[in-house]
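This document opens with one chain alone, in structure tokens, the form predicted alone.
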Amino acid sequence: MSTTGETAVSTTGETMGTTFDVAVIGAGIVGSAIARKLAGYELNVALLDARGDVGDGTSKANTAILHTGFDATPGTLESRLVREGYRLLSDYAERTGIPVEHTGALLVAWTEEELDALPALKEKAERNGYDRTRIVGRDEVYRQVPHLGEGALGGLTVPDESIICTWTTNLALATEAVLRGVTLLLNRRVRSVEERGGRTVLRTSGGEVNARWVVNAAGLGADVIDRLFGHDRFTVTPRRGELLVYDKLARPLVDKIVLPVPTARGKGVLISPTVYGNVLLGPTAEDLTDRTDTGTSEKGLEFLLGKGEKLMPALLREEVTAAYAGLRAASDHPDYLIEADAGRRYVLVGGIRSTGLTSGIAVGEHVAELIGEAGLALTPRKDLPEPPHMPNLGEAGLRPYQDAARIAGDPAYGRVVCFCERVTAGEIRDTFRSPIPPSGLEGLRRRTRAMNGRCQGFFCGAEVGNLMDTKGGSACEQRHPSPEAQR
């Protein structure tokens, strides 16, 4: 276990015969939160991911809503962990600088059937421990969202629903895990497992990883990993959700999350502002068999445009900045499936839907309790470093290009490279000095917003690429560029 603050990030090679106390599979929000929590004890922890960066799977593409859990199924593990996670993540975001905007939400009823369902939704929220919802009539709906399409009959207000930066959330959790001494092993797709002398050997695409305990937080691949450990208890179906991102000029149309009345299939199509100043329309919900298919489709585009025409016609007159799709780990199990197998020294963390963004820290707490009860000694550390303070990607806070004092101290923060998103050369340089630098352009986009604006890199792509080459080089070998490389 490292206690010196030095980071351990590896993308290739063996782990030199190390036997970790715990190996966590999956460096999304949930896996990173679990690794962070376990690293708060006297344990040697590894965090593995099949991809070349943290948060590069399900966690990177969602609607980025910090949920109160008002509409979860009462009495479920998901309900409890989302409720606890809302409190924990809200506090963590404040301490680490994760962008959050407390916009509130409005569920809109468009039919008499949906209107009649509102009292039951309010009662469900109260059973989930949330008592701040309010049923409102048509006039109040249009007062709150004047640009809503015609035909709304009423609504339910949820004042504490919020928007958050999912990218920064994942990176903050993974960064703190690494600062606490976790060994981050990227490009390690688990292919098989073997019991060997009181430990588990994970055979991965990057070599063997040995651990006394294994936590499976592999998201879309959690059921596959679970079967490697001899279980057959759930199946993950990749559910593609396509979204449209509208230009920042659309933001005045909506200042809160506009939700449909939820169904058993999901929360439906919503309209939501983002912390970056854009507006989202989506997602779709299409069950697939291909766990890698994150492409957008003509069918999905047509569906969203049809929904948008009804929900907010004025939005469709605005420019679309981007269209993207993410895969959610839909499960045939009705609740989170988090169970410890003491005999195999193995913990499954499966069936974590999109609410995992909110519940992740609480899931980490729950897993630590289970693994401790199953026999792993948990001795709290007394030398934990302070949580990281993350770069601000949100429009509600002060960005580097706006910070005169910061620019005076370092002119690189005054040199804007990406004009659509106002990203500076200093911010791009800083990513390669961070504990977990980006492994490519997509990782850089998630860390800085560079190339995420209206031009999608058409104007700034060459200069951003040049900065990657001259300031970062190999993301894992040049975390601290030389003075010559910074000139």
Ligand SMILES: Cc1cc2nc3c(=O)[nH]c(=O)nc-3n(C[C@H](O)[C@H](O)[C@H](O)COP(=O)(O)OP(=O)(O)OC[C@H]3O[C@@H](n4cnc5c(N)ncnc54)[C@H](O)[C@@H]3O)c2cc1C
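We number the residues from 1 along the sequence you see. Every value quoted in this text rests on a predicted model; they were computed, and no experiment measured them.
The same protein has a further form, the form predicted in complex with the ligand, not shown here; the description that follows concerns it.
- If you superimpose the site C-alphas and bring the ligand over from its pose in the model of the complex, 3 or more of its atoms are within 2.4 angstroms of a backbone or C-beta atom of this form, and that means blocked.
- Among residues of the shown chain, R51 is one whose heavy atoms approach the ligand to within 4.5 Å in the model of the complex.
- For the chain shown alone, N452 is not a contact residue for the ligand in the model of the complex, no non-hydrogen atom being within 4.5 angstroms.
- Contact between L38 and the ligand in the model of the complex is not found at the 4.5 Å heavy atom cutoff.
- Put simply, I25 is close to the ligand in the model of the complex: some heavy atom of it is within 4.5 Å.
- Taken together, the three residues H67, A217 and L327 all come within 4.5 Å of the ligand in the model of the complex, as judged by their closest heavy atom.
- Of the candidate stretches 396-404, 125-133, 353-361, 368-376, only 353-361 has residues whose heavy atoms lie within 4.5 Å of the ligand in the model of the complex.
- For the residues G221, G308, G300, P99, the 4.5 Å heavy atom test against the ligand in the model of the complex is passed only by G221.
- Residue in contact with the ligand in the model of the complex (any heavy atom within 4.5 Å), chosen from G154, G181, G241, P273: G241.
- In the model of the complex, the ligand lies within 4.5 angstroms of at least one heavy atom of each of the following residues of 177-198: R188, R189, V190, in sequence order.
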